[in-house]
Each structure stands twice: as C-alpha cells, then as structure tokens.
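Below sits a lone chain in structure tokens, taken as the form predicted alone.
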C-alpha cells in the first residue's frame, strides 16, 4: 500500500501554501486586530476561488467530492501562516454537515446550493466547542440540543462576543431557543452527525497545530541565524540547536498520527475517535513545545508586543483547546485502548484488512 500523498494532492497544497505565504503576512494579521470583523476579504475571496470551502461536499451535490486526506495538507499550510479565518473549520465541519443533512431535510437542501455559491455563510456550534469563530458574519447556524441538530437563522439567535487569548479570533456565544420547527435531525442519527462533526473539527485543529509548530520552528531558526552573541550567530550554539531539534523531532512523530487520522475520517468520520484524539494530542504537544522553545530562542525579544512570534504562539494556545482539550482526547484514547477487542498494533494502523472495518 502506498501511504504517500499523490502528485495532485501535493501540487494543490503547494499552490495554496504559496498563496497563503504571499497574502497572510504578520503585518496583515496585525492590521486585522484593529478592525471589527477581523477578516481579510481578499484572502477569503482567493480561498473560495480555489474551492477549499466545498472540498468535502460530494460531487453530486455540487462540491468537489474530495476527502479529509486531500484537505489535511491545506489545513497544515493554513496553520503555518497562522491564518485567522475559520476556513478550515468551514470546509471540514460546516459544509459536510449541511450536505449530509440536505439528503433528508428540505430546508437544508434549499440552503446547500446557496452555501456552495458563497451567497450565505454557516456557523456550527458543538457541545465540546460552543463558541463560534467569526460567528458574527454567519447567516445560519447549526446548533446542538442534546442529540438533536437544529438549523437556526441569524435573526433567531443572540450573539455575544467572547474574548480569546488570540486577538486574531472573533469568538461569539450563541444564545437561542430550540423548537420543533428548527430541529432537522435527532436520535441516533443526530448523535452520529455530532460525533462526525467533532472528529472533523478536531482534525482541522490538529492539522493547523502541526502547521503552527512548523511555522514557529522556522521563525526561531531564522532568528537564531540573524541574532549574534559573542561574535557568533546563536544558532551555532549547541544548546539552541538542541531546543529546535527537540521541536522538529516531536513534530515529525506527530505527523503520521495526523495523516492516519485524516484517512480514518475519510472512511468513517463518526467512528474515528481514537485516531483523531491521538492526532490532536500529538500535534498539540508538538505546537506547545515549539511555542515554549521558540520563545527561549528569542529570549527577552520574544516577550515584546513587536515580536511576531506571539501570533503563532497565541493561535496555538487557542487551537490546543478547540474541539476538545488534551484531557478530553487523552480520555478518548484511554477508553479505546482498554475496550475489549481493541485493534492495537501496527497491523491495524488502517483498520482490519477484511470487509469488517473498525475505526473506533
């Protein structure tokens, strides 16, 4: 079995990554902090033109019909530049959830073409991730009430801004009242949808954390090559090399669980708990270590407002808690490993090799 990404996937990633490096700069991110919306319309337009928001919507419903494996590298690229927009969450959670609901619900079926055309914007809340990033610019919301899934219009909710450690984020709390009319799914079907949404959301956060770790490593290495002490670049000192080597090693070991989880989500998102939680914990640890060690490399300069490292650090701290913190995901891994018949060992990395697949 070939576990590498295809040439098409790598080419698409390179194109998106190049655009993001050119358009999402520290200067433009800082400029957003002083605006009410916090968004960059030009970046959002280019991302939409590349088809990223509709990547996971089936072709027969008007999307690109791609999978989580196709978008995981894109999410990494978004993290590498600390992209503030919620585009990865929109692509992995919002559009696929509405597309799934549209199969059985007429109201959702009517909204889906408008979402794909960019005429409306959708926000998704979750019991584990209730605050919606850039929620103030959403026209419709999909919200939970136990196992029920509710579709609610913007004029039927009250939005309250919520502060974040990351000034690039624009979180809102949604207050609303559930009704029989707004309910579009319930019971086991609703629970399945929310579980899939949680796993897709956590995958997006994990992939961005891997990208953030890479971005912080690169910034620290570049700084260490420019900053001199005792007549030498501090990057030549062994202590500094060890700090960055530790980060690079931790990130390298986090990527296989991340890519494996993307595959698992593409097969059965509602049964990808173990793989997703493993990836979220691994990439979160890699990003937090990169933040700590990059700060040490920068020294006192790293604590100043003028230092751009804070953009990546604060984004990593925020995403580490998004879609379940480390404690939540470690508990899911614990539950999976101790269950009877758990598929452990390298031979089960991609499920059973027969018709009875098990991914949870």
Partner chain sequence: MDLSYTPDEQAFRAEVRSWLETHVPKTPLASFDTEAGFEQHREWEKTLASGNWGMVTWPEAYGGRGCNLIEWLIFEEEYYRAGAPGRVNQNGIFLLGPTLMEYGTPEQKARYLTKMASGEEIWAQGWSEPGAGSDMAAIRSTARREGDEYVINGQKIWSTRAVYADWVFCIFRTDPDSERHKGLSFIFVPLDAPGVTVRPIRQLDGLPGFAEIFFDDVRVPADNLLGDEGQGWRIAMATAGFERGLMLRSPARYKNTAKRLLELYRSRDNDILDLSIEDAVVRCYLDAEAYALSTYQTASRLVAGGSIGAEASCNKIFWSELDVLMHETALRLLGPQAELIDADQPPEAQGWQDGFLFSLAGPIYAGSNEIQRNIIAERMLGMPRA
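As the structure is a computational prediction, the values presented were derived from the model and not from experiment. Numbering follows the first chain given and starts at 1.
Beyond the structure shown, there is the form predicted together with its partner chain, which is absent from this document and is the topic of what follows.
- 169 is the sole member of 195, 250, 126, 169 with a non-hydrogen atom within 4.5 Å of its partner chain in the model of the complex.
- Of the candidate stretches 101-109, 205-213, 239-247, 151-159, only 239-247 contains residues with a heavy atom within 4.5 Å of its partner chain in the model of the complex.
- With a 4.5 Å cutoff on heavy atoms, residue 121 does not count as touching its partner chain in the model of the complex; it lies far away.
- Contact check for residue 187: no non-hydrogen atom falls within 4.5 Å of its partner chain in the model of the complex.
- Proximity of residue 301 to its partner chain in the model of the complex: non-hydrogen atoms within 4.5 Å are present.
- By the criterion of a heavy atom within 4.5 Å, residue 266 is excluded from the residues contacting its partner chain in the model of the complex.
- The putative spot formed by 10, 37 and 136 is not touched by its partner chain in the model of the complex; no residue has a non-hydrogen atom within 4.5 angstroms of it.
- Counting a residue when any of its non-hydrogen atoms is within 4.5 Å of its partner chain in the model of the complex, the hits in 129-146 run 130, 131.
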